[in-house]
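As a starting point, one isolated chain is supplied in structure tokens, in the form predicted on its own.
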């Protein structure tokens, strides 16, 4: 098979290029030989690297959840099965409707067989509830644990998925915010949880300081551990209610994140009082499709008026779906005296 011979340092960039151009041959195991990586390709392309004819081991396509369950569930049950799931570290989290609860253990074991990186399968029980937005989980298969280490954007995040709110679905949003942070900024993350925003920003930017405030003691404990494990020295973490803790910090910030989509508007006054002149605030909200972005803009503008601040809307993004036709949105705005 035709292959391109690439130095180790250039592999990731070359692979990304080949994928974008549709040249990379899928289903073959890439291998290393004498300090070079051989990438299987469909055709030659313009490059500084040389080509070679190599034999590649074929990779067996992993079976889907429905394929593994064929014969274990009826056709009707398979049609009712939800195949989407979240992965946090080595834990897969499923939603299983009441009709399939009697087969939940079978489904859990089947999911383990579809992905070697998954060691534990849990099922959601209800929705996020209470002040800490915690969610009950039921163990189904694999290693009986609810604690894991999740890796994203160069950081490791240890957490218990039942005790700490965390969404792997908004990694892209964390990356977006990370890329907006300028060198020398003082950043405040309200509702910082186990520290995903705090750690990602501190690790990947030249922010002067990153403060996190979290009311959940379990989440705060994990955040402290995560900051230490990721060798982050410009991080300061505080346990307590944002409304009580932030005013006591006696500090102003260049950028403030408010990743609490439900009832986040109740904390806009706190954010505005802690903002430097021309600070950027990222306000998150849950809205029905028909209300995006108007209602979020209205909440921001009313808060600014209350605090005798001028605001300039910089834009908004949809960064997750709560339910059919309901989304998590983020409004980026600049505030001035």
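Positions refer to the first chain, counted from 1. Source: prediction; values computed, not measured.
Below, we refer to the form predicted together with a small molecule, which is not included among the displayed structures.
At a distance threshold of 4.5 angstroms between non-hydrogen atoms, residue 187 is out of contact with the small molecule in the model of the complex. When contacts are judged by a 4.5 Å heavy atom cut-off, residue 174 counts as touching the small molecule in the model of the complex. In the model of the complex, none of the heavy atoms of residue 247 sits within 4.5 Å of a heavy atom of the small molecule. Not displayed here, the small molecule is kept clear of residue 226 by more than 4.5 Å at the level of heavy atoms in the model of the complex. No member of the trio 90, 108 and 145 reaches the small molecule in the model of the complex with any non-hydrogen atom inside 4.5 Å.
Between the small molecule and the residues 112, 137, 78, 215, the one pair within 4.5 Å by heavy atoms in the model of the complex involves 215. Note on the partner interface in the model of the complex: the residue among 260, 96, 118, 178 having a heavy atom within 4.5 angstroms of the small molecule is 260.
Of the stretches 247-255, 165-173, 82-90, 98-106, only 165-173 has residues with a heavy atom within 4.5 Å of the small molecule in the model of the complex.
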